[in-house]
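Quick setup: the structure tokens below cover two forms of a single protein chain, split into structure 1 and structure 2.
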Structure 1
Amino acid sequence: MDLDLDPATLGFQAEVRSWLAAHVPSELPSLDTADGFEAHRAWERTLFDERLSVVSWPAEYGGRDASLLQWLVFEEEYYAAGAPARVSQNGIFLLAPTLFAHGTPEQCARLLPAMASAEEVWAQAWSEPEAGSDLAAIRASAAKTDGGWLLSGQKTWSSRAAFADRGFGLFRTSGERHRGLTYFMFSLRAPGVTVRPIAQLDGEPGFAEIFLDDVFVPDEDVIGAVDNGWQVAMSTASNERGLSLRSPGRFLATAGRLVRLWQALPDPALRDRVVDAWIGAQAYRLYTFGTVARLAEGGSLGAESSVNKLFWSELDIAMHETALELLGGEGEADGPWLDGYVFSLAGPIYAGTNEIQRNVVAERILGLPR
């Protein structure tokens, strides 16, 4: 048992660290504004040109074939450097793993490079007004037509959709519940698509409703087999809850900032909460290294990703609550801690609510009866 980085990973870490130190922009406007979105897109392009936007992908799509461990190291460096939020995260972390697992070589070659460079930013269109936790209740449908499909219905809570280029989601092609769903990719600019931005708790349009009215999608934009979308989608779900969407790097960086905030404002009554936040971030980091070892032995992520999701979402809120307490009367004033706090509040809701994750842990890991 060891936690030592091999020489190649250490070299990679040093390269990433010095490149980020020289290139990370000072604060960009919020990515949930039109200007901010484009500024973040441009930053992704800068990363891509250095082949740092998707380090774990194959070189042919713009990556570096980095190992999972190296990707984690990249993430630690990225957040430690205070680099911007990833506007392309839903594409690179949720759709791309699905394409790698279920996409055709043609789809990968056509879609992945533009995703990696943020020339095309993707939005996840899974939820519907009547299908939230109960995703299998999806009603939006697809009807067969010459050379493709016509999508109709309503999606909602789609992050980044206000400014993004393309969406991916499940549509009913036959049957009921989990059976008869098909995984589609579609343009948010296609005729028949209406995007209505929704202001989030912070007032910015971080997600949107998507109305589809006979939107044509060619056959080549179906992922996996028709009527097999549920199985395809579930392979993305463990990525979303598990490592890729929320790697330890961001929480380590937040914990580090929280310790510095406490040093500047050393309230003894809050010391224990600061320490617990720091330990929580270390725990998540070490736990993840354990997951890396398990995956290297041929294990899979599966239901364990629910453990991750429960932990990071609650840790994130606890850290930000503690920071606001430390700030005292300044806690309600606009600032990065408040922004982070408001964002953290959504963690127990998106990517499958924490109640659903506890059901998964209890039933699939502990084996409790349904």
Structure 2
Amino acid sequence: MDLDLDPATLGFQAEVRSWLAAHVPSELPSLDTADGFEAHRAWERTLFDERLSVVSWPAEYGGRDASLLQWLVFEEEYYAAGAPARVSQNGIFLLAPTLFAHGTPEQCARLLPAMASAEEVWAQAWSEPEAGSDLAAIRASAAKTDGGWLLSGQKTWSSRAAFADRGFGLFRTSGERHRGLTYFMFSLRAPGVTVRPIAQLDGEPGFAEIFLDDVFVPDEDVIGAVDNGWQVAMSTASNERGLSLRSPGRFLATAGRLVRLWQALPDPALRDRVVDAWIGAQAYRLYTFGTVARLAEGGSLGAESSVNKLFWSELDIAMHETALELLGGEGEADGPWLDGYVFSLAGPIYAGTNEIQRNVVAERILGLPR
């Protein structure tokens, strides 16, 4: 693809850069606290009012009809400006692409505007105590009733669930392992839902358990066909692993900070690792540009998204480890590099463990035996 940005994209880049420079808050409380969650929700509303919360979406849902390339440019500018974490990420980056691909026009019109403005923040409710990377082992069930379904069971490690408004996930509607799953959306405030926050090492509830006891969900909150949830979920997983959840802007910003740290604390022994980190971030950017070009020509995300997930999760750890070594003992004190390092360690686990991703690469891309 042509890596020279066209005039329209350059103009969009300049507009975004200028607006972020004038509006990015200096600091917000942690989004894993009640006050911080609402502060981040308010920031999302500020983005929405400027039509910057979901730039690549159709205008009718709050977007700008921007191209995927312009979305990548926005992400680069967003992270370069040090803007806050996206409290709406589960909805706008994971559920929304699934709705665009598998949802009905009614579902899109009803759900996407509130998602874009953060009026409704979504929790991802996939994992269960006995079904993590082996998602097909899900036991939480959905039983048909008049006008809808009754959901029962337990979800765990549900990101954003402690303070979110709604959730989405897979539930078993028949006995078949893969073919018996259906994709549901549900309110976290509905009768029969109990949300139990999970405290992290810092005491903040970044995740929660969700218990459902005959929770009614209307038929219009099923995405795709009944018993076809596995196929629908794979589009969500592809976006989580391969494009939207971890855009290149995030790693370009981290690599830039690492280079500046090395310039302030030069250590010849770590020079090559700093250079490798910068090259890795640039390589990921170029790879993602290629993905965007393929999607623009009608392609889709597939098993190759697992390669992407392996790359960015291991790159993230390597960059933060290098930074902590540069800082020496100072790096053991609380600070952005230590916080980032602790979070990076989760990268090989969420969005499907890296062990599972290597199996996907081996079997579905390289054609190796199971």
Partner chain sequence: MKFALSPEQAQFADTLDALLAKSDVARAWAAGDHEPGLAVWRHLADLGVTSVAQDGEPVDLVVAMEAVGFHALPGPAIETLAVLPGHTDGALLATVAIPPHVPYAVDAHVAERVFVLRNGVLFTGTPGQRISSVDPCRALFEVTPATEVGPLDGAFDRGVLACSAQLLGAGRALLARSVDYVKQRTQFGKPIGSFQAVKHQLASVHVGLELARPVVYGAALNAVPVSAAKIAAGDAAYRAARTALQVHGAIGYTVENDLSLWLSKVRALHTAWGTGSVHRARVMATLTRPAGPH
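Whichever C-alpha set is largest while still superposing within 1.5 Å between the two forms counts as the rigid core. Structure 1 provides the reference sequence; residues are numbered from 1 along it. Here the structure is a predicted model, which means the values were calculated and not measured.
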Between structure 1 and structure 2, the form predicted on its own: 2
Once both forms sit on the same rigid core, is the C-alpha displacement of Arg257 at or above 2 Å between structure 1 and structure 2? no
If we fit on the core, is the Cα of Glu297 displaced 2 Å or more between structure 1 and structure 2? yes
